[in-house]
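In structure tokens, the next block holds one chain alone, the form predicted on its own.
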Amino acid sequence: MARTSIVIDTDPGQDDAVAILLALAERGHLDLLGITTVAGNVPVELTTANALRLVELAGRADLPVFRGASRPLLRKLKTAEFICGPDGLQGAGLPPPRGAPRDAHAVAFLLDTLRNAAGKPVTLCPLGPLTNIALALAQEPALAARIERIVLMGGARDLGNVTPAAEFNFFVDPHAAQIVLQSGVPIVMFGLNATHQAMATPERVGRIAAHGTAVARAVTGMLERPRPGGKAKFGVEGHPLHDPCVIAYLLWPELFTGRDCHVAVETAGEASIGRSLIDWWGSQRQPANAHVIDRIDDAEMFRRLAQSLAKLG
């Protein structure tokens, strides 16, 4: 079976970290062409350093990392240190990176990658705010045809997690999210309604910890760290792993079900800005622009995730 060529656009973030490590563990199935970073969970200087720390942890210091947008398109940056910790990877226990990002900007790398993708389309995997993807699509709209699909984590069918209306990634840069959703590229969307099923319970984290590798220790440290939420918020011990769902979908699509819907993003009203308006029942009769994931076989996903991470030292 041919490997799927992907680019991960990310703002690590602990759950971003697990997603990146899963992609690196499954090199036989995923051809990760590079990692682009964006401001989101923490400023872009830290998300870039974190991407470098993760590829070095996985023994892939050769993998190119490109620093991207330092702020949203039109809004002031809002970050999430209250969740991720001061550096974004609280609990990982990783040293500063030895390497550096490549000289090219993330958007330039995305455009060059798509220009060279004739005959072998690329899948984009945005795990944070969609600023870099929107900038690339705005600069060269014709290159959208070179994108096989965009599989993203963002939005929510129901309640948000950073405001009552909005999920964090769409809230940080709602204008970028709207540009991407209007691009015509096939999109698979993992909103909170799906990713809140992917709970990293103590039992599931324990399966990862049991491998005893450096990767297992870093992942366990990130997932076991104290943070807001837990049982009081989700009804079970642990916290959801949002971003690994994106990579798991590429590897094991049979574990996920959803529905084609029209999705828009609120970009005006301050109280509701960033809200994803998912027409789940098709009441507006607008063409679908995203396949919105609704259900996850979470038990099997975590079983396979633990097996995959064991491939890394």
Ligand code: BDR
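Note that residue numbering follows the sequence shown and begins at 1. Fair warning: this is a prediction, and the values are worked out from it, not measured in the lab.
Same protein, other form: the form predicted together with the ligand, not shown, and the subject of what follows.
Visitor: Based on heavy atom distances of at most 4.5 Å to the ligand in the predicted complex, which listed stretch, 168-176, 136-144, 92-100, 211-219, is the contact stretch?
Guide: Among the candidates, contact is made by 168-176.
Visitor: Decide yes or no: are 26, 123 and 151 jointly within 4.5 Å of the ligand in the predicted complex, with each residue judged by its heavy atoms?
Guide: None of them does, since no heavy atom lies within 4.5 Å of the partner.
Visitor: Are any of the heavy atoms in residue 192 no more than 4.5 Å from a heavy atom of the ligand in the predicted complex?
Guide: Because a heavy atom of residue 192 falls inside 4.5 Å of the ligand in the predicted complex, the answer is yes.
Visitor: Hey, in the predicted complex, does residue 106 get a heavy atom within 4.5 angstroms of the ligand?
Guide: No - in the predicted complex, heavy atoms of residue 106 and the ligand never come within 4.5 Å of each other.
Visitor: Would residue 298 sit within 4.5 Å of the ligand in the predicted complex, counting heavy atoms only?
Guide: Judged by the heavy-atom cut-off of 4.5 Å, residue 298 is well away from the ligand in the predicted complex.
Visitor: Within a 4.5 Å heavy atom cut-off, is residue 183 in contact with the ligand in the predicted complex?
Guide: Although the ligand is absent here, residue 183 would stay clear of it in the predicted complex, with no heavy atoms inside 4.5 Å.
Visitor: Taking only heavy atoms into account, state which residues of 11-26 are within 4.5 Å of the ligand in the predicted complex, ordered by sequence.
Guide: Residues within 4.5 Å: 11, 15, 16.
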